[in-house]
Structure formats: C-alpha cells, structure tokens
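Before any questions on how it binds or moves, here is one chain, the form predicted on its own, in structure tokens.
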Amino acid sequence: MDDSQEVLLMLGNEAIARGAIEGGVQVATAYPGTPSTEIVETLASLAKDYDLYVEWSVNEKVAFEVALAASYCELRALTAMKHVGLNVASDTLFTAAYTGVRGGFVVVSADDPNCHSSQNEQDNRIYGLHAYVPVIEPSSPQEAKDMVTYALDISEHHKVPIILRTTTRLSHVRGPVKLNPVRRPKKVGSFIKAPERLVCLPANARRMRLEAISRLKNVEETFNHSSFNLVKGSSRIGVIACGLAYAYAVEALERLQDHHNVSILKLSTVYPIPRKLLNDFLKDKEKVLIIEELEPFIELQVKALCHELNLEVEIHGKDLIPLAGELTPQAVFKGIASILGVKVELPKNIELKSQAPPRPPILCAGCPHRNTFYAIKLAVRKKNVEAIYPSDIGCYTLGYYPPLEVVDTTLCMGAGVGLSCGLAKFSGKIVIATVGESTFFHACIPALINSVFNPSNFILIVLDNSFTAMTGHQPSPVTGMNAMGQKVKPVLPEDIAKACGIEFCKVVDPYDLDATTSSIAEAIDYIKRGLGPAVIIARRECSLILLRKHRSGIIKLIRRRVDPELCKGCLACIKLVGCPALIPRSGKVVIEEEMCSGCGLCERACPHKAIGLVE
C-alpha cells in the first residue's frame, strides 16, 4: 500500500485494513472467518512496514480481549471477525461497553446475508442495541476505509468500543479508494490502574451501566452531525438506506428518475440513530421506505421515533424489502417502484439451452480428511456398529456430502464435541466426532475436559492439516509460525488431550489407511468398554500445500494412474472415494495428474486393482 494520496482499486476488506493504518491502529487481531479474513491478513502482510502488532488468535473472544487490552493501554486497536464470531466474543463485548476504552477500539463485524459460507444469517447491528455499543455501516470500499478512522476517533473521544458492520458483498467488492497519508504514532502502551472502572463487581457494574447509557447519548449527538450521513432531495416521498443497500437504492432511483422525485437519506451511523437528523428528514414526509439488509433494525427505530414525535409518516420496510437473504439491486428496485406505485418489469432470468451438471462442493483431491472419513467408514463397518457423526465448521464439514456422508451435525465452532458429550450418554450408539485442529483450539477444549469430568464415551478425531485451511491457510497453534511470520513453539492437540485427562490418545497418518482404520476400530472397542473418551489425531499436511511444494520442487509427490486395460468402468473409485482427480472418460476412469497428490486412497478402493503407482 502506497502512502501517497492516490487512488487504488481495493477490496472492501483491504480498504478497512488501510483505514486502520491511516487511523493509527497499532494492534490488530482476529480469528479467520469468511467474509472478514482479508482484513487482518492484509494487516499481517504489512506489520513490519508499519510497526504493527498483528495476531491470529485462537478464537474471537481472545482476539477481542487482546485488542481490548491494547486499548486499555491507550493504543488504538482493531479486531475483526465474521458475524458468528461476535457470538463467541460477546461475553467480553457486553462488559467492555461498561468499562469503556482508552485507545480507539473498533470491532469489525462482517455479516454474511444468504449464508454464503456460514451456518446462519445474523444481523449484528442488534448487538449494538443490546450491548450499548455504537454501530456504523459503510456503503462502499472508500467509506469502509474512511469510516475506520472516523470510528477510531469517535471511540477514543467518547471512550466507547464501536462496531463497524459490513456484509459479504461490501467485504469482497472492489472499488476505487482514495488514500490519505499514513500517520504512524510512535506510542508505547501505558496501563494506568483503575480498578473502580475495570473490575466489574456488581457495585461498580451498576454505576458503569449508567455511564454506558450516558456515553451512548453523547455519541448520538455526534452522529447527528456526522458527515457520513447524507440527505439528497426534498420530496415528500423518502428513502432511508444504509450500507450497500444505499448504492442499490441510488441505482434504482436513477432508473426511476423520469417518473418521480424521491429524497434519500444515506444513514451510516445506524446505532444510536441520530434522532435530530431523522426528525428533520421525516417531518415533511408522507411516506418513507427503509432499505436495509437482514433485520428491520432501522425500521423499528424509525417507527418508534415517529410514534414518539407524533409524526404521521407511512413507514415501509420489510413489507416491501426481503427479510431473508442477500439484497440485490433488483429487489431494491422492485421495492422502490412499489412504494411509488410504478409498475416495472424486472429482467427475466436468461434461459440457457443446457445446464452444467450440478457440482456440490467437495474436499480437494488428496485431502487427508477424505482418507480419515473413509477410514471411519471402514472401521465402523469392521466393528459392525451403528454410529453418529457430530462435526464442526471447516473444510471437513464437506464430509457431509456423498459419497462420504460422515457428518450428521454441524452447529457452530466446538459444538460437535459438546454434542458428543450428550449423544454418547443418551443415544445408545457409537459417537465419532470430527473437528479441525484450528477449531479444536478455538472451542473444543472445555467440552473435552467436560467429557472427562462428566464421563462420556465417544471418539474425537482431530483432523490436523497444520493450517486453518478453509479460510486460506492462516497459521494455527500447530503450525509453528504466527501471523507475523515468527517461528514459535507448536502447540499439539495430543498434548492438550492428554493434559485434559484423555488416556486413549493416538496420532495417525491418514494416508496410512490401514493404521488409521485399525486405530479407530481400537478406539471403538475402548469406548464400548466404557473406559472414557478416546482422541485420535489424524495428521497430514493440507494437500494444497503439498501440491504447492511439489510445483516448487521442494518435494516430489508419488502419483497414481489408471491402467485402462484393467479398468472395468465400474466407477467404484468415484462412488466410494469421490476424489475430484478421478475423471470418468470413455467408459473408463482417468486420474488428472496435476490434481493428484498420490494419497493412494483410490488404489485401495478399486476392486479390480486397476490403479497403481506411476513408474
């Protein structure tokens, strides 16, 4: 990133990172999660250039607390997370609103309408209402950058944490961003003891709640004059829009401008709502449409304000704008046309003469998780038991799809182990849980301790591929390296499991299918005897890393091929394994050499011994 005043094409998340640097942030933390990951990834890549401290924390709560500690030490700090991550950090968030902050402190919540890569849709603006924390929402990459600096200033001035809410489309859209000079503070953290403020004993907390309410009122006054809120037009018909919905509204109004004049309020400070600004906007309106993504967060506040001020304005919102899913320009156009009474014809979907075959997401070719899942199925078949498969959030969730089908539950980070504690007690079946090593450190350890404390007989298989692979290979505690590239002592799941009191703990290489299957079968016998929970660490580096090393000449992979003379075209390899490197062609199967990592799983699955090593 150049420090001069030029315009660059930036991802929304990159713009947020740039805004953090321009705003004097010295500490940035996160746990990787789509759609927020690129914020701290960008800051990590620039840490040395701008003298930043950046870390991938083990979960969002820890990330929040590390950044909050920096703020307590009068440093400016940012922590970023996807929407469900704020659930993990919310325990600290609520109390941080009471203690207030010292250095500017921004919490980026990247919400994911339409569940592009998440287990739910969740509107985190509501956290602001519940926790007494201001919320702002940019509508473009340029605003995303500029509003980080604005948020840091507001936070530091009013001593409040502040949430900057984005959604997937803004996080990942690219747009022109005008840079401002970087002013890097030469500041060393300084902690001043103030236990009456930072120790939330009930006597202190009762007083601090009143202070938090008072701070919020002060922020509202500031928001009444925020330059990020903007009014255009003077029609008696109005639109209020925030975030990317504002851009969609502007586009729709441009298409309808020959028909009607509509005044629009771009609201960027969404909580507390600037009541004076809204009163000025609403007082001469006949009707207003509120356009926002997901919940009727602004709509409900505006309706309450109209009632309180006796404003006879017809308010529309989620009656015309979809409540579920990601907003689209077409949906906004339709909503605005509806309030104007204009009949419009939306463009019809293009009808294709032929459709590509449906391709559900699947594990990568050579993924060690596939081998482990296959070994689970072999072991369960060998022991002739019926099993339940709780799992968690990560690449391995793809084990849900055929032909593997060894994921029965996925709720949230760590829930697979907590559910196993109950399922093992109440289902009467064998329970085999799976979790990635990063999620293991994120949220599984307390549940694993619980399985010893309140004995539960289930198997936990930690799928260790040495990285947080799903979000782009961020380092995990196993990697031996942190976000700033420092070599650090690896923290191994087997050591943690043993320290939790797990007596059956084995480490296997999932590419060694026989040994992995035997270990799982042994673990099944162990838990059937009621000897306690069993943990198996299935460790093999991510196949994408292996392929990268092979292409760089660091390692040489052993590849496999199909002998066309022996292949009967039964497709058993595809039906049993589902590796994308296996391609049906001319009644036979071939292996795509560039994708193959040589794991050998297909060779084991072939009933005709048609797959072997490349000589």
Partner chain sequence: MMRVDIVLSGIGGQGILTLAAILGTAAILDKYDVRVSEVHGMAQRGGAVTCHVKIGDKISSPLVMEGSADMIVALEASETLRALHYLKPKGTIVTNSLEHPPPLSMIKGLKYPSLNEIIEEAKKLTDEIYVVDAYNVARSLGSLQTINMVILGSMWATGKLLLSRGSIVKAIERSFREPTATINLKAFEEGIKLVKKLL
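Note that the structure is predicted; figures quoted are calculated from it, not measured. Positions refer to the first chain, counted from 1.
The discussion below concerns the form predicted in complex with its partner chain, not included here.
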Triple contact flag 113, 218 and 415 to its partner chain in the predicted complex, non-hydrogen atom at 4.5 angstroms: no
Heavy atom of residue 248 within 4.5 Å of its partner chain in the predicted complex: yes
4.5 Å heavy atom contact, residue 574 and its partner chain in the predicted complex: yes
Exercise: residue 469 in contact with its partner chain in the predicted complex, heavy atom 4.5 Å: yes
Interface membership of residue 8, its partner chain in the predicted complex, 4.5 Å heavy atom rule: yes
The single option of 322, 185, 329, 480 touching its partner chain in the predicted complex, heavy atom within 4.5 Å: 329
One residue of 202, 341, 195, 358 in contact with its partner chain, assessed in the predicted complex (non-hydrogen atom, 4.5 angstroms): 358
Segment assignment from 23-31, 554-562, 583-591, 56-64: heavy atom within 4.5 Å of its partner chain in the predicted complex: 583-591
Stretch 379-413 - residues with a heavy atom within 4.5 Å of its partner chain in the predicted complex: 395, 398, 402, 403
